[in-house]
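Below sits a lone chain in structure tokens, taken as the form predicted on its own.
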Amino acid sequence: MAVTILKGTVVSAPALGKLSIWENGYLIAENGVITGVFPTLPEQYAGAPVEDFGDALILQSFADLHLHAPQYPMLGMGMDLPLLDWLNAYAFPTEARFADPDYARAVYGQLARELVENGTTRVCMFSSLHREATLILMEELEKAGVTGYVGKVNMDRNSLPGVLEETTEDSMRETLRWLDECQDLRYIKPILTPRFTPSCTNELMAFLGKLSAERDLPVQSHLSENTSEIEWVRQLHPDCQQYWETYAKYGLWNSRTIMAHCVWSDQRERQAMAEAGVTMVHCADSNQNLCSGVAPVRTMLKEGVRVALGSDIAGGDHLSMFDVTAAALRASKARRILDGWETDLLTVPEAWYLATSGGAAYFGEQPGFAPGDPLHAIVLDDSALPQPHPLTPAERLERCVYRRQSGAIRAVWSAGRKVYTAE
């Protein structure tokens, strides 16, 4: 039996807004599965090797539930355009480059390494429409130690003709081939990915819904991100009262569905999410950069909607989930102002929960460092930062969220495996 024992200041998020803290605590896993966190080393582990990180913070690693891998090369570009214009001017031409497998291998290897170095070990990720590049992405993530889901994008209409497009038949055929070819991967699994309703014909949506039911496959897409997008969906589906119904009518709306953004989701749409168990992914950076709006996250939490965070690169301009967490906090303050100061802002422990436990819940994990869950952890050394006074672990966590620290991450574990050690 392989035993992993990590010693340090252990901090976890067992519930929304709550932190559990063990100073000089021991986080223990057997065969990659957490057995518990203890204030002293249990007697049965006496003599087992301990990785002692002193006063460093031992934290849950991040779950990034919405990002576009082929947009990684254009990170930080095109931030002067609204969503639909940005897609045509920047995103679609960049994604078209992934028809080249060699280019895909180089870019995706770098992306996978950077994710792990920044403490992100679980993802739900969009690839491009290219089957071969999608397989390469899955392989590179698996090689780096990332776990989660990757989807070959489906988009058989309203793409960029001559640059990035596929026919309905091509989309169906390539999706089936991709599903057959990725079965041997252990840690990265497939997720069906209609890009968004305007990109998919009714025929393709019906095919994906049937495929999801037949093979028990999860689904990811976008919902109510932008007011122009919502009006476009209304024109394409006049039989649907709301955007979410364009997914529901094809069987793409259930507890294994992820919907990014939901900036303009009203009470009825939010209720549909809560009742179906759909996970909403809040992408604060992207919503600001593309002038989409500010999602009502506090309201969603109160109404029982499952919420996680996503970097949404490259609409979002930060891959580090520390930055994404800080963006969610700032967005909640903007939401409070927009709501006439009647909406509570997110606290640091709440945002941290969404970045870690909230995303991990999609993978069937319990919140915090729960016994029985696979070990996903970061060791963070913040000792180089000056202190205004002796800081509590909660204060240290807050500062780590807001203040970028080069080289602070010393080690990362993913699904029980040590996947990164700082040089």
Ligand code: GUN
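Just so it is clear, the structure is predicted and the values come from calculations on it, not from any experiment. The numbering used is simple: start at 1 and walk along the sequence shown.
What follows is about the form predicted in complex with guanine, which we do not show.
L83 is the sole member of L83, I136, L252, A326 with a non-hydrogen atom lying within 4.5 angstroms of guanine in the predicted complex. Taking T193, S286, T120, S171 one by one, only a single residue has any non-hydrogen atom within 4.5 Å of guanine in the predicted complex, and it is S286. Of the stretches 294-302, 84-92, 271-279, 329-337, only 84-92 has residues with a heavy atom within 4.5 Å of guanine in the predicted complex. Using a 4.5 angstroms limit between non-hydrogen atoms, H130 is distant from guanine in the predicted complex. For the chain shown alone, S265 is not a contact residue for guanine in the predicted complex, no non-hydrogen atom being within 4.5 angstroms. Contact between H318 and guanine in the predicted complex is not found at the 4.5 Å heavy atom cutoff. Contact check for H261: a non-hydrogen atom falls within 4.5 Å of guanine in the predicted complex. The partner is not shown here, and in the predicted complex the stretch 23-46 never reaches within 4.5 angstroms of guanine through any heavy atom.
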